[in-house]
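Here are two versions of the same chain, shown separately as structure tokens and labelled structure 1 and structure 2.
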Structure 1
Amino acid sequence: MSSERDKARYPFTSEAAEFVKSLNIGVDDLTSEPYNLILKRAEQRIRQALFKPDELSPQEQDPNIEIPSFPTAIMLMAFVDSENTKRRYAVAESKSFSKKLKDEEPEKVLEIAKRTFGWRIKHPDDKTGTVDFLLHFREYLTNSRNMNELKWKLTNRYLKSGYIQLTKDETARLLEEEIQKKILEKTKHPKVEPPKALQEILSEINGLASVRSTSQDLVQTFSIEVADMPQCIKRMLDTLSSGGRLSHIGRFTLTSFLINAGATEEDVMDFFKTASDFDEGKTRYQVEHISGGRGGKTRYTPPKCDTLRTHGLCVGPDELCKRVKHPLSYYKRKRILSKRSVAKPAQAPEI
């Protein structure tokens, strides 16, 4: 059985849901004492998830507030118009849970995976090395499909009798995907009007969503033309602006492309701050290293198109893609074509 501390730390679990159900709190109750504290905490969760995801952490002092604040926040997010904002919220919450799970004992991780999500998961009969769990390949494939790093490809995993070997950290990462899907499913826009008692706070939350600039908006502020970028780079921008994640090579490609297209280190830092999993220290080190400000002072360029295809990052190639071998070559040629198009005088209409 989970303790109240566990339910507060992991309010997405089935045990936490039963606890909330036992409280028998109605929507209208949330605006009155003492339940309005739940509503305030739910709004705080949303603010932290959207603007300061690293500060998103459980407040275990009062489980009667902390545990129901999670489903309350999800209910509020369901009435938000922006799908990108919903995804940012889901990513931030799931990532915060994943970090905590990595610090838990394996038994706790196993319990959550089996009881809440019904995973076919077990400990190995003879634990050796870093292997903590054996997970059925179906659950593995379902939750690793959005992971682009080569280590997550099924062909690169040890598979025996339908089960895949995992470390505790890898299992927590897969649970992060499962939690994110669960949150997004529950934030689907309801077919009913929002309760009148919540109109004011919903207006505030929608206001928070509207002040979040998209990644493409930020790129435009430092004079890089999104319209002239190759489709692979546009997809990376869209992924981040919708709250998604990029693989390591995806981040390297995007950073080196922006730097070589004319962005400064600070421009790129400001851009990556829109990502829900932004880590300032790690990001700054990587940006400075790629731009030549650290290490061997070498400015790196993005991988060639062949390499991007190998890693599954080449998407929707157009006619110009067929004539170039590098994303920067695409951008330079497209910029020339765009300038020629603007400079070309308009023809007089026929009489």
Structure 2
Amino acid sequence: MSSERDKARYPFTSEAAEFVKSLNIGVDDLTSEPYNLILKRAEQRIRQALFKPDELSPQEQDPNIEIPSFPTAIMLMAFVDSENTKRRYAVAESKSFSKKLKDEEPEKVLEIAKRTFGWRIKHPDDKTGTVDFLLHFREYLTNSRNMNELKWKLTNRYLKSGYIQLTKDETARLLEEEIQKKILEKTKHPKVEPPKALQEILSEINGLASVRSTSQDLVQTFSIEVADMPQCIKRMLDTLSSGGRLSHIGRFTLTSFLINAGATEEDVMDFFKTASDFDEGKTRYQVEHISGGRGGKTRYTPPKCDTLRTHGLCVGPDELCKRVKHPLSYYKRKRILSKRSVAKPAQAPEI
């Protein structure tokens, strides 16, 4: 059974959700006393998550505010327009939860993984070793797909009868991915107008979001035109610049695309520096390798659309996509097209 302290710490759990339901607060209540404190705290959560993620931490002394502030923040984020901002929010919240989870008793971690996320996870029969949990490979795989270090590679894990050995820290890290996915899922735009009561606060949050518009940064960083890139590449840029992770092939595609589109090695390095799991040496090696820098060998090009599709990296083709087989040819064509239409700059470039 989870205490109120637990629910305040881990407001993403199903127990916390039930608790909030039982409070029976309507959206319109949020603007009047005493519930406006929930809205205030929700706004604070968002500010912290977007700008000072290290300060994000539960205020356990008042669970009646703290617990509902999480779903409230999520509801607000759902109405935000930028996918980028949503991801930044999700990353920050999930990171702070997993940091807390690392200090919990194993029992607590196990309970959350099981009850909220339905993981097949258990203690090993032999509890003497360094292994805290055994987790089914399916849950392991779906939550480790963006982790690039060798130690997360399935090949290097102890896998027996379908279960993988994990430490508590590793489990918390995998839960972080799961929580992040859940937040991203819940912040999908509801396709309805936001409630009147929230419009004021929403315009404020939308204002916050635009303070750091990544693609603006990018246009300045690179001598290349982000607006002319295909959706798949834009998505990769967004993922990285909002603290998300890319798979190995994702990184390869992005790097080779940028290099071939005319970015310098230094540009690309600068950009990767903002990524959450940046490793200077490794990245430099990769970038140089792809651009053919080391030994002046072949410069690599990104994979074809077909390949990107099999790897789930194609975002869903637009009109121009249907006429090309390669993201680079998309870019080249789009460049030509947009140069021709310079005369009528009526349409703002899509982000």
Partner chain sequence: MSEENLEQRTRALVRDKFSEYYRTNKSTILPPPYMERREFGFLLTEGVMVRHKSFKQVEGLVSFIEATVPSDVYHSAAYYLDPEAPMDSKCWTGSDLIFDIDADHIDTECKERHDRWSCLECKATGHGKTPKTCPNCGRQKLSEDTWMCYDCLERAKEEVLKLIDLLNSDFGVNHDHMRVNFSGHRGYHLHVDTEDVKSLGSEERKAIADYVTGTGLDGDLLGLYDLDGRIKIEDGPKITDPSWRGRVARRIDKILFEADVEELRSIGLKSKMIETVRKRRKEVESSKDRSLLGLIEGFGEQTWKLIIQRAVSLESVGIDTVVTTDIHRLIRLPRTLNGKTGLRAMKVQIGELRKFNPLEQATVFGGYETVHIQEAPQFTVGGEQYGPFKDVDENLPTAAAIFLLCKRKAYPVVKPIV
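On a predicted model such as this, the values are computed, not experimentally measured, just so you know. For the two forms, the rigid core is made up of the largest set of C-alpha atoms that agree within 1.5 Å on superposition. All residue numbers here refer to structure 1's sequence, counted from 1.
- The second of the two standalone chains is derived from the form predicted together with the partner chain.
- If you fit the rigid core between structure 1 and structure 2, you'll see the Cα of Asp318 move by 2 angstroms or more.
- Relative to the superposed rigid core, the position of the CA of Ile233 differs between structure 1 and structure 2 by 2 Å or more.
- In a rigid-core overlay of the protein, Leu56 has its C-alpha displaced by under 2 Å between structure 1 and structure 2.
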